[in-house]
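Consider the single chain below, provided in structure tokens and representing the form predicted on its own.
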């Protein structure tokens, strides 16, 4: 029977769920709404657009066949209606209605739904510091941010930059500034290593050394106290020094956008994030959720885990699309796999680092192995470092790698 599915959010999970469902039920109606005027883009590619490796902003929004995923594309090719610059302001679960407001015109309205998908994503975490609203201070969360940063660099406004946070986006942005544009770049991290909680200090130090060889400066174990400037940012103040900066990137994590869900009575985790079961359903059987706004099950600890990754959102979106059409697809949980490129090296891993494993209650230890990344006779072979984190007595293990980035990313097999 024909139904109307409403999808709140149109970046990663939303479009995947909408298109998958529409393919399975072409006679049904699907409506997506999103607060931005840019939809269905690859957020993880933003640093590569800033660096110039991705030459055009629209490439972040194209299919493998070079079609731009905009409103006409979804309407004409996928049969999905999209309302951009539109905010979902309320969910009435009893009446099965979503109330919306157009952010440009102020127009309001409502959408009836048979089933609903909440894909509200996450918001970059703010430092709540003086000067955070100065011109030249950026969060890297959408293509507009990337365009603003790249335009400022191209116009000669940025000779020095400070990146606050040494996680995925922070390291990739530091590479983008240094490698392509020759910007003097400093990374400030409150923890005493880069990629905290994700890799061991040994692997972190290897990646840091390589980035330092390329010109990136690191100040670890420092806390940012203020951002200063007159109209435009000029300096960053930490608890140990003052750093001149004409551009600042704040990359200290994200917060799941679960307010709309909470207000409608959907179950959310006490630390943030919408709770879903293995079918990606909320506590309301007519409402699904996924992507950066949910918490999922960690397969190692069996505890809720917040893991905001685009690849994860796409997988979950396909599962939701199946189940909207009456399927029984399941998302069992996550191990925490990742890979991050740092100039000519990469860091990759699956599972928990040694410190994280110990903090989770495992009787864990680790071993390091250095070996060639290709056969010994291959002319461009290089060394890679492997770390195996294991639980004594059970043979369960996690694996991490630091090696040359030119080869295909390697994933270790996690044994249960």
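Residue numbers count along the first chain shown, from 1. Source: prediction; values computed, not measured.
From this point on, the text means the form predicted in complex with a small molecule, which you will not see here.
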Please determine whether each residue of 35, 46 and 311 possesses a non-hydrogen atom within 4.5 angstroms of the small molecule in the predicted complex.
yes
Indicate whether residue 11 is a 4.5 Å heavy atom neighbour of the small molecule in the predicted complex.
yes
Whether residue 87 contacts the small molecule in the predicted complex should be assessed with a 4.5 Å heavy atom distance threshold; does it?
yes
Check whether residue 189 has any heavy atom within 4.5 Å of a heavy atom of the small molecule in the predicted complex, and answer yes or no.
no
Just checking whether residue 216 would be counted as a contact of the small molecule in the predicted complex - the rule being heavy atoms within 4.5 angstroms.
no
Contact residue in the predicted complex, chosen from 171, 119, 274, 233 - any heavy atom within 4.5 Å of the small molecule
119
Given that the small molecule is left out here, which of 141, 178, 208, 115 has a heavy atom within 4.5 Å of it in the predicted complex?
141
Please name which of the stretches 208-216, 237-245, 73-81, 286-294 has residues with heavy atoms lying within 4.5 Å of the small molecule in the predicted complex.
286-294
